[in-house]
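The chain below stands alone, shown as C-alpha cells; this is the form predicted alone.
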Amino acid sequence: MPPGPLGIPIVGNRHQLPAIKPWRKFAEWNKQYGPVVSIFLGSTPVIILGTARAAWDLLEKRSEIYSSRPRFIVAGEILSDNKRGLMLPNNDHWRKWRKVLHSGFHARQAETYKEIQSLESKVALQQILNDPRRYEKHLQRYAASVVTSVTYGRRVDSVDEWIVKENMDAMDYLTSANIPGKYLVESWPWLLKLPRALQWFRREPEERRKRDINFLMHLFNDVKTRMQNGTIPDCLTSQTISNQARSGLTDLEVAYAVSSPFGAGIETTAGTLTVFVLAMLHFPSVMRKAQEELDRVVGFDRMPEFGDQESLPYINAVVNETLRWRPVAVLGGTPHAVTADDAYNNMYIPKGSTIFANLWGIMRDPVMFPSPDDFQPERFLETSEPRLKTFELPFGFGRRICPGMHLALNSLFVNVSRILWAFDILPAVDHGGNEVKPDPWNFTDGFNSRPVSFDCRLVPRNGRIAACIEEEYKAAMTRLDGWR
C-alpha cells in the first residue's frame, strides 16, 4: 500500500486525525510521505491524494473503478435514508439522480439561467451599495435566490426567509456530519448491531431527518400546487415532476434529488465570493489590475455583462485563482471509493478503499502552483497546462464532477466582474483610524470551509457607477416580479 503514518490495532490512525480541519493533517502527511498516502480509520483503508496529477490519474483516467462512494453510515444512511445522490454508490439509484441533475445543469441548459443570474446580481450590487456592512448576507441572498429560482421557480428577497434559513441549517448539519473520523460508527460499523436504544449516535441525525423530510416535501408540494394552478415558471422541479412516471422516482426521491443544488449551491457560491473579497483585501494590486481591465473594456456607464467575458481574461483568471487560493470544498466534495483492487506507481490500492482528493493540499502544491500562498491570477494566463486553462479542478473528478459547475462559474464571473467594476474593496478601520485586515486563515470547520465573517469597506468607485447600479436595479426588479 502507499506509505503513511503507522496506526495502532483496531483504531488504525483515527487517534491521529484531528476532529477540526482534518484536511490540514492530510496535507502534512502528503508532504511527508508523498502524493499518495494511506491510513486506516478502523479497518477501512483510506487513500489521500495530495496532487492534481495523482487525482487525475486515478479518479478520471480510471473512473470506471473510482466513481463509487464509501459507506456513509451517519450522513448517508441515518440522516438521509440513502436518498442523497451525492452519497450514493455507483448504482441505478445514483444514475437516476445524476440524470435529473444533468438535465437541469448541463452546459447548454446553464446558458438559459444567465438572465436570472444577471438580474439577481444587479439586485445584490444595489444592496451592497446601500448596506455595504452586510455584504456577506447580500452575496448569500444572491446565491440562494438564483438556486431557488432555477430549482423551485421562486426567488428570495432575504437570507432571513424561512426556506433559506432552514436550508442552511440542514447543510451545516450535513457537512458537519460528513467530516472524516467524526463518528466512531463509521470506523466500527458493528456498533449498528447494538440494541437500538444503545446506539447513541442515532438520536440527533434521526431527528434532523424528520425535519429535512418535512422541509423538502413542503418545497416539492409547493411546486406541484403551482403547476396545477399554472403559476410557476419552468424550473428543475417542475421538469422532474413532469418526467416522474418515466424516471420511476417516488415523490420523496424527487424532493431529495432536486434539493441537491439548493443544498450545495448556496454555501459554495457565497463562500467563494467571500473568499474573493478576502483576497482583494490582502492583494490590492490584483484588484487595481482587474479594475484597469474593466475600465478599458466596459467603462463606467454600464456594468459588465456575460457578453464581455471573452474580452476580460484577467477577470476570468481572478475567478480561477479565487477557487484555487482557498477552495471552499476543501476535500474535493464527497470522497470516492474504489470498487476493485488496483495498483498505481507500484503501490497497492485495495478494493473498498475510501479515496480523498484533498483539494486544500492539491491547490497548495508548489510544483503545480508556485508560491501557493500568493494570489496570482497570472498563473492561469501564462500556463501551458490545458487543465489549468479550463480549470475544472475545484469541481471534482470524473463521473462525480459537480453537475452545477457551469451555473457556479457563471455566478462567479458575473459577480466578481461587477463587484470589481463597482467598488473599491478596502480594509475596515478601527477607532484609531488604522486599517484592520482579517486573518486570511480564519475559516469555518465544516466539510465546506468558508471564511469566518469579517468586516471590510466596499466603497463606490465614482458617482456614475452608483447611478448606473440604481438604474439597473429598478429595471431588474421589474423583470423579477414574475419570479416571486
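The first residue of the shown sequence is 1; numbering continues from there. On a predicted model such as this, the values are computed, not experimentally measured, just so you know.
The same protein has a further form, the form predicted together with a small molecule, not shown here; the description that follows concerns it.
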Considering the small molecule in the predicted bound form, which of Pro304, Pro377, Gly76, Gly404 comes within 4.5 Å of it through any heavy atom? Gly404
Could you check which residue among Thr274, Ser353, Thr268, Asn167 gets a heavy atom within 4.5 Å of the small molecule in the predicted bound form? Thr268
Tell me which of 287 to 295, 366 to 374, 98 to 106, 192 to 200 has residues with heavy atoms within 4.5 angstroms of the small molecule in the predicted bound form? 98 to 106
Do Arg400 and the small molecule come within 4.5 Å of each other in the predicted bound form, heavy atoms counted? yes
Find out whether any non-hydrogen atom of Pro261 is located within 4.5 angstroms of the small molecule in the predicted bound form, and reply yes or no. yes
Does the small molecule come within 4.5 Å of any heavy atom of Thr148 in the predicted bound form? no
Is Gly361 part of the interface with the small molecule in the predicted bound form - any heavy atom within 4.5 Å? no
